[in-house]
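Form predicted alone, single chain, as structure tokens, below.
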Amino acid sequence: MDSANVLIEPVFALGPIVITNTVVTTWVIMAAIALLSWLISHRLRTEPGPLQTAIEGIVATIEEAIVEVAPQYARNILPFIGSLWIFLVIANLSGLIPGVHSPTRDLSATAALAILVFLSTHWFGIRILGLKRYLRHYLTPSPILLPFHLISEVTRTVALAVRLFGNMMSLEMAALLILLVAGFLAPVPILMLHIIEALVQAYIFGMLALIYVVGGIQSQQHQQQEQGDLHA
């Protein structure tokens, strides 16, 4: 725990609230994404340049991944999942910048992201299905399973936060140990490992978030289809 806390340093305080480098880096990343999105959206061209082509390729790739899982709700889910994926990639890779603390190496940041996914799962379900229809799936196929559904909601949220934090922190510690043992003879393999791991962890977190969001919606619809088939 001490090794993790070394990376978390207070930057300034607003009264009793201490702002750490995790918070600063997170807000800088969000501001940069918002600014870049605004600039790109106001400079769209029918004949795109290299930057617009790259951005359109990224958006198309994310949309294709969502369509494969939830073709009916891709338009609804794309803004959230796409923003989450882009943020995670930048946040995971930000640790490569000297003196910058990657937010995903802080358990409080990954816990906040996991809670955001938890809340978004219910928000999308209620928005698409309605409150009554969405809550009904907690009582199916039997009301006895309600406690297990609730426990599953909590455990998968905790696992989501701990998985990302543990992988990013272990990667950082492994890189530090290799540098201490091998010196600066192996910086390039460590750099490549960090980039690959950062992209993989961002993909896994985003894909799990997508599965959680879509799972509640599709499971409810699947149950309704089965009931309709039985009545037919």
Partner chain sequence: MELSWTTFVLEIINFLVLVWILKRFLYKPVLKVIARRQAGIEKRLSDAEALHADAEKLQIQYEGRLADWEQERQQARESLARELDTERTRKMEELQTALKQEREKARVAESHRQADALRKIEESALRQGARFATRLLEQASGPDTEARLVELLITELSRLTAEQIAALRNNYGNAPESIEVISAFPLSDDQCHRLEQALASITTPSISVQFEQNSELIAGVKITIGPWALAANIRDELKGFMELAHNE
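Numbering follows the first chain given and starts at 1. All of these numbers come straight from a predicted model, not from anything done at the bench.
Omitted from view is the form predicted in complex with the partner chain, to which the following refers.
Contact check for I55: a heavy atom falls within 4.5 Å of the partner chain in the predicted bound form. In the predicted bound form, none of the heavy atoms of V214 sits within 4.5 Å of a heavy atom of the partner chain. Proximity of F118 to the partner chain in the predicted bound form falls outside the 4.5 Å heavy atom cutoff.
In the predicted bound form, L160 stays away from the partner chain, with no heavy atom inside 4.5 Å. The single contact residue among V59, M207, I178, V69, judged by any heavy atom lying within 4.5 Å of the partner chain in the predicted bound form, is V59. Proximity of Y73, I126 and T140 to the partner chain in the predicted bound form is absent: no residue of the three has a non-hydrogen atom within 4.5 angstroms. Residues P79, F80, G82, S83, L84, I86, F87, D106, L107, S108, A109, A111, A112, L113, I115, L116 of 79 to 118 are found to place at least one heavy atom within 4.5 Å of the partner chain in the predicted bound form.
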